[in-house]
Every structure is written in structure tokens, then in C-alpha cells.
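For reference, the chain that follows is the form predicted on its own, supplied as C-alpha cells.
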């Protein structure tokens, strides 16, 4: 039975990873169209992707948007996680479910809701709309990872700091925050990846002058079919893998997801 489960797990992993392997290998093709396996190998499409202004400008937009959204969402998520874990008020579980709801609600529903809300509020600035939307999208990931860290935190350490005369704020900055820092960093990395790769929310809120990298890729493949998109995808896979390794090294992926 155990061997059968291992075989099934291997088949599922192969099914999930096969498209990624195809994209990565095709990105090294020297031909004008993606080939698997490539007849000749080259890095020309990586150079083409990096030199394409539409991609580089959109990548910078995605980068600053992800950084700003993460920096704004992190303190909000810290406050919310502390209220859920440390608070003693009725409805804590309902509050947690509400804050984590964007993880379970279909992305198209969230996108339309944000679009309608921004229109009702009269927010016309594209950058402001994108930042607000991406804060909402990344917020649940930060809350989830910080809650996972706080539930494993030893309250006796805070009590010891207060017994020694530390102010609650000083105890938080010098005792609590350093100990839950791996979970905070992991949540920030998750938030950066989610914001950078977001398609559905950005699709409804961007303009012709302010585009994100995923949308730039969609616009490009509408009229072009060459391995440059595979090259960009490979670079994004490498960045995501590096972030996952950092999370694993900092706190452990299983602990982040509450396993």
C-alpha cells in the first residue's frame, strides 16, 4: 500500500511539474518558435526578453507595486494577527475567517468587487487603485503566516521581559518581534510573489500607461509566438523557487502553512 501511494504521489508530481519542465527547456530554443526538445540551444531569447521595453517597464511596475503593497500590508497583518491570537473577545474565529476570505473567494469576484468599490469611491489614480487592491490580495497571506508564528510563541518570554521592567512596546520590539521574524519574513516573501504574479485584479485596474508584467506577457502572446515568453516564465520560476528556498531556510514551509 505504501509503495502504491509513493507511485501515485510521483505521478501527480510529474503531472504538475511536466508543463514547467517543457517551458524551461523550450526557453533555450534557438528557433523562431518554441521547440521541445530544442534542435539547437541558445540564450538569444533571454537577451530578447530582457531587451524588450514592454517587458522591462512592466517588470519595474510589478516590482514597485509588490514592494509597496507588502510594506503596507505587513503592519496591518501584524495588528490583525495579534488581535486574533491574543484577543479575548467573541467572534475571533469569525474575524479570522473574514480576514482570510480572499484566499477562498474566486479571484474574478474579488477583482470585480474592488473595481466597483474604487469606482464608487471615485479613485481614478491607477497607481493608488493597484496598491489598494494588492494590499487586499496580499494581506491574508501575511495574516496566515504571522498567526502560525504567534501560536507557537512562548508567552512566558514576554512576561519575563515585563517582570524585568520592560515596557510592553519595548518587549514587543526586543523580544516578540525578533522571535516571530521568520514568520513575518516568510509572509512578506509570499506577499511579494502573489502581488508580482497577480493577473486577475491587475487586469481590471491597470491602464495602457501602467501595465504589470503578467499582463504584458498576455498582451505579447496575443500577437507573438516565440520563446521569449518561455524565457521570462523561466526567470519567474527561478525567482519563485529562490523565494521558496528562503522561506524553507527561514522558518520551514510546513510551519508557514500551519502543518
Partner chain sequence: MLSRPATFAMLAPVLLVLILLLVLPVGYLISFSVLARGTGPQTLGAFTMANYGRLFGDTYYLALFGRTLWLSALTTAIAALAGTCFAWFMWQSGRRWRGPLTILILSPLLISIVVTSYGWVVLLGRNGAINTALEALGLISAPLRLIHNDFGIVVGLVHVVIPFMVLCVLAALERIEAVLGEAAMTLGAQPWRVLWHVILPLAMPGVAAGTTIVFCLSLSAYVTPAVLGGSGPNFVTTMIYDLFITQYDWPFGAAVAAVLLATALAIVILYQRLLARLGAEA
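Numbering follows the first chain given and starts at 1. Since this is a predicted model, take the numbers as computed values, not measurements.
The same protein has a further form, the form predicted together with its partner chain, not shown here; the description that follows concerns it.
Put simply, residue 225 is close to its partner chain in the predicted complex: some heavy atom of it is within 4.5 Å. Shown alone here, residue 49 lies farther than 4.5 Å from its partner chain in the predicted complex, counting heavy atoms only. Taking non-hydrogen atoms only, residue 218 approaches its partner chain to within 4.5 angstroms in the predicted complex. In the predicted complex, residue 60 stays away from its partner chain, with no heavy atom inside 4.5 Å.
Heavy atoms closer than or equal to 4.5 Å to its partner chain in the predicted complex belong, across 80 to 98, to the residues 80, 82, 83, 86, 87, 88, 89, 90, 95, 97, 98, ordered by sequence position.
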